[in-house]
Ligand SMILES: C[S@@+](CC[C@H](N)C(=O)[O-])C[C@H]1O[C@@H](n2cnc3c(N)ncnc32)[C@H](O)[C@@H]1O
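Below, in structure tokens: the form predicted alone, a single chain.
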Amino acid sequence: MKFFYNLKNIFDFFLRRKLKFSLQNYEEIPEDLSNLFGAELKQRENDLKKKYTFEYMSDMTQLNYKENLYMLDILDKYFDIVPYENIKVLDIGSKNWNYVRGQYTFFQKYCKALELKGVEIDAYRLYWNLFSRYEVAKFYKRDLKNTRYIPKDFMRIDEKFDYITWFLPFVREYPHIRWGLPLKYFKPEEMLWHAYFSLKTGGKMFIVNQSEIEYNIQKRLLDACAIPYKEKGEIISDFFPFKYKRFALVVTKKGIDDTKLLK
């Protein structure tokens, strides 16, 4: 059965990348973002508004606002970073990058100049409305300076970054195949090594796994590679609760370059 699924994925994936078909100019109609939450969540929303500049957290649907608040909330709670003069960030496996504004809002606070990139190997996958991930991501990242969505295999990215975010990496074959990717791209250990060496000295990577099973597999992969990490355990944000629990850890590239620190 795995053989036939993989054969189908190879064919479909080839067509998607070759044709790159999509309707153009995807957009969503903004909705009223006031009074979405009860008292406790409203207080957390207000706390985030005081701490961060919400310049790009508007003109959204209510759903997308919640998705981006979730992103900002978990980064604020679980990812401690150092202010730099300039920050380069990579998001691995960005899909349609619907959470990019929450990411941008978070990292923007800690630098004077931010460069944010998202890489997605299956960027031309189509949704039911015939828009591709690529077209949808173009809409979500609109007006964000120095932000780029890259339709490419992460293993072909040859740059160094201060910070990397990686949400729901494939650490098991079955989900990888069911999501429509050829098995030749299932390289969890190789990708982990490449991500680690894509960090600048002293850089950090925030990895989020779905389910405790995948979290434990992720830790075993890191241990096998002798890559240092700190467990964050289960991560929770009531702005956008998911059906399955999520767990996070933070990888730190050994050493630090003090010349980059923001004065």
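Values in this document were obtained by computation on a predicted structure and should not be read as measured data. Note that residue numbering begins at 1 and tracks the sequence as displayed.
A second form of this protein, the form predicted in complex with the ligand, is not displayed here; the remarks below concern that form.
Contact with the ligand in the predicted bound form, judged by any heavy atom within 4.5 Å, is made by just one of Ile81, Ile164, Leu181, Cys111: Leu181. Interface membership of Phe106, defined by any non-hydrogen atom within 4.5 Å of the ligand in the predicted bound form, is ruled out. Contact check for Met191: a heavy atom falls within 4.5 Å of the ligand in the predicted bound form. Taking non-hydrogen atoms only, Glu135 never approaches the ligand to within 4.5 angstroms in the predicted bound form. Using a 4.5 angstroms limit between non-hydrogen atoms, Lys145 is distant from the ligand in the predicted bound form. Residues Val119, Glu120, Ile121, Asp122 of 100-127 are found to place at least one heavy atom within 4.5 Å of the ligand in the predicted bound form.
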